[in-house]
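What follows is one chain in structure tokens, specifically the form predicted alone.
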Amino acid sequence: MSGPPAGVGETVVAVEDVSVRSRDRLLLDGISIDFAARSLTAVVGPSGCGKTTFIRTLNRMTELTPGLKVRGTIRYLGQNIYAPGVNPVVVRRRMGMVFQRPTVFPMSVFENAAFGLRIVHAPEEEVDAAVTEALQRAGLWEEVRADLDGSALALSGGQQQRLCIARALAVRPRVLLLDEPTSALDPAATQRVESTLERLKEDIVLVLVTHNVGQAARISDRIAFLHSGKLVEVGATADILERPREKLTEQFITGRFE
């Protein structure tokens, strides 16, 4: 999976009529949405609406959950990522994932950031350059540069989350999927992660699941509202917050959701 760099506004990921079913219920129902280069889309909705399932379909992580069936098409730079012969490991390199709670390994800061590169046996000089760049892009370099050999477990929660972002960035994805990455962080750490995401959206596609409408208002270009597995409405952030078309969206945004 490769191709020329996407231009500003060019569609990088196209989701076409995607549904996901578990053994006993429909989790996502006919979702269609595009994600353009250099953008940050916030995916919001009540608990259990399918937000996490949705972003996990974008890089085939649903396949790691037994019993889930995905229908529809997801195209990355025009290629169907669920087509026969497409390697899901390669898909996940192109579309990285950062989870709700930071997961660092009991090793050094450097080796945590280099983890994905080690798996593909990248040359050492490439690893050094990529790790430095990734830590800089994640807004962590100045805080850890003097102790790259120190344990990642000694970092604060916010630093660990930015290290997880750096680890994802080190393999140079074009899309970064984030599942409530600040929900376990204090306000100061949340602000640092949000600042990092605002910088990153100038280079790559970001898809952010968040339960925090205020966070979506602060950093997203666009909001997609899910309810009961369906995409109710998607639009520019200001339009969704100030002029939602759908009653369900208005109720959720204003906190009068039943």
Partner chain sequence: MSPSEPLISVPAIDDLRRDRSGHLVGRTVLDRSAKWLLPLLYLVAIGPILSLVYWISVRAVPTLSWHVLTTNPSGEAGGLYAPLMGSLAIILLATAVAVAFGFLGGLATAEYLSDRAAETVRVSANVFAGTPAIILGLFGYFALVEYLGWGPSLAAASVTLGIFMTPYVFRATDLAYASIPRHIREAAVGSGARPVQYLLRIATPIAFPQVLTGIFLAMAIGVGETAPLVLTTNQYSLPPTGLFSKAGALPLDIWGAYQNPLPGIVTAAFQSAFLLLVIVVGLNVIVRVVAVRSRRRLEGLYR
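Since this is a predicted model, take the numbers as computed values, not measurements. Positions refer to the first chain, counted from 1.
Quick note: we don't show the form predicted together with its partner chain, though the next part is all about it.
Can you say which of 183-191, 104-112, 133-141, 69-77 gets within 4.5 Å of its partner chain in the model of the complex, counting heavy atoms only? That would be 104-112.
Does every residue of 56, 93 and 119 put a non-hydrogen atom within 4.5 angstroms of its partner chain in the model of the complex? Affirmative, all three are within 4.5 Å.
Can you pick out, from 213, 61, 231, 204, the residue that has a heavy atom within 4.5 Å of its partner chain in the model of the complex? It is 61 that has a heavy atom within 4.5 Å of the partner.
Taking its partner chain as it sits in the model of the complex, is residue 162 near enough to touch it, meaning that at least one heavy atom pair lies within 4.5 angstroms? Flag for residue 162 set to no.
So in the model of the complex, is its partner chain close enough to residue 127 to count as touching (4.5 Å, heavy atoms)? Looking in the model of the complex, residue contacts with its partner chain do not include residue 127, since no heavy atom lies within 4.5 Å.
Determine whether any heavy atom of residue 97 comes within 4.5 Å of a heavy atom of its partner chain in the model of the complex, and answer yes or no. Yes, contact at 4.5 Å.
Would residue 83 show up as a contact with its partner chain in the model of the complex if we use heavy atoms at 4.5 Å? Contact with its partner chain, no.
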